[in-house]
Every structure is written in structure tokens, then in C-alpha cells.
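This document starts with one chain, in the form predicted alone, laid out as C-alpha cells.
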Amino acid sequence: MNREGTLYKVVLLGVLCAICGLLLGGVNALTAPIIAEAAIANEKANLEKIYPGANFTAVDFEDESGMIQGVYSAEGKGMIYKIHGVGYASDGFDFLLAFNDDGTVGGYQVLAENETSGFGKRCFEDEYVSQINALTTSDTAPLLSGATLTSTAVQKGFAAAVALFNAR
């Protein structure tokens, strides 16, 4: 085969691509369990912020709102809902909302947000957090003037979590 010919170059490129693909597949097979383990540890660390020392179990769920990203049972304590909402920032925000077994709020913890300082960020600051923490499953999350989009998203996420909590 002529090393200067097009066919040789095509075959060589194909063989190199196949070798690279196999190497990438092997690296992925080796690292996938480690990455999954790290994700589980990170998720558990977030859940521990609300119910320290609890035994957590992931719960199967169906959410019509599309806001609930995960549901976890904390044995003997309550349920935790991982919620994604979209406020003013288009990439949205993630938070945990827990309900104790008696229907009171067990915790409200922001995981990630990029809302406007002085407006949407207020939904994740102490004053609003204390309002959420004082609620029960029979209440509605409050709206904040000047942070309507973000607080409406929190309110909808709260309602979605209440619906799942009450349906269990």
C-alpha cells in the first residue's frame, strides 16, 4: 500500500480513531463508578444539612410539575425534595425542601442559585428562609415584592413538594 495514497491515510485515520475510542471507553468504564460514588456522597452531604445523621433512601416518584428532581426519605424524620425552579436568572436555581413526618417544614436549603442581588437572592436569605421554615403542608409559600419571578418559582416548587408529600 502506498503511504502517500488517500486509501492508506483513510485506513490509518480509521485505525487511530478506533484505538482512541477503545481507550476512552476503557477510561470511562474505570472512572464511571468513582464519579457516581462522588455524586452520591455529595447528595448525601446536602441531605445531611437538613437531617444530620439520618438514614436516607431515594424514593420513586411522579411529578407533574417537572420541578422535583429527587425525593428522599429520612428514616423516622420526614421527606426531602430536591427542587429546580427558574426565577429571573434563566439557568434557574436548586433547593432542598424537607417536611417532617407531622407536615411541618423540616428545612429549606439552597443548593445553587444565580439570582439578582437584592431581589431574587432574598428568597435564599435568612428572613425568607425563616418564613418558609415556619410553614406546614397546609400553607402556601409567601411571595416577595420585587422578587416575584423567583418567589413564584419557590412557591410552585413548594406546592409540588406538598402534593407529593400528601400523596404518599
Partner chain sequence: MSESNEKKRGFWSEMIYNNPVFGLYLGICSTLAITTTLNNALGMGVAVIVVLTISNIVISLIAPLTPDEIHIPVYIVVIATLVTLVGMLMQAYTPELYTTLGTFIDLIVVNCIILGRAEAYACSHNVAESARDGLMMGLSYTFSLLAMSLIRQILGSGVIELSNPMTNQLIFSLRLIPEGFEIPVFTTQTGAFLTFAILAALVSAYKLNNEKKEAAAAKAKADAAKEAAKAAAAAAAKVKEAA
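Numbering follows the first chain given and starts at 1. On a predicted model such as this, the values are computed, not experimentally measured, just so you know. By rigid core we mean the largest C-alpha set that fits within 1.5 Å across both forms.
The form predicted together with its partner chain exists for this protein as well; it is not shown, and the discussion that follows is about that form.
In short, of 106-114, 136-144, 66-74, 22-30 it is 22-30 that has heavy atoms within 4.5 Å of its partner chain in the predicted bound form.
Proximity of residue 59 to its partner chain in the predicted bound form falls outside the 4.5 Å heavy atom cutoff. Although the partner is absent from this view, residue 45 stays clear of its partner chain in the predicted bound form, with no non-hydrogen atom inside 4.5 angstroms. Proximity of residue 159 to its partner chain in the predicted bound form falls outside the 4.5 Å heavy atom cutoff. Counting a residue when any of its non-hydrogen atoms is within 4.5 Å of its partner chain in the predicted bound form, there are no hits in 143-168.
Once you line up the core between the shown form and the other one, the Cα of residue 18 ends up 2 Å or more from where it was. Closer approach of the C-alpha atoms of residue 53 and residue 34, by 3 angstroms or more, is seen in the predicted bound form than in the present form.
Annotation for the pair residue 74/residue 34: C-alpha atoms approach each other in the predicted bound form, by 3 Å or more compared with this form.
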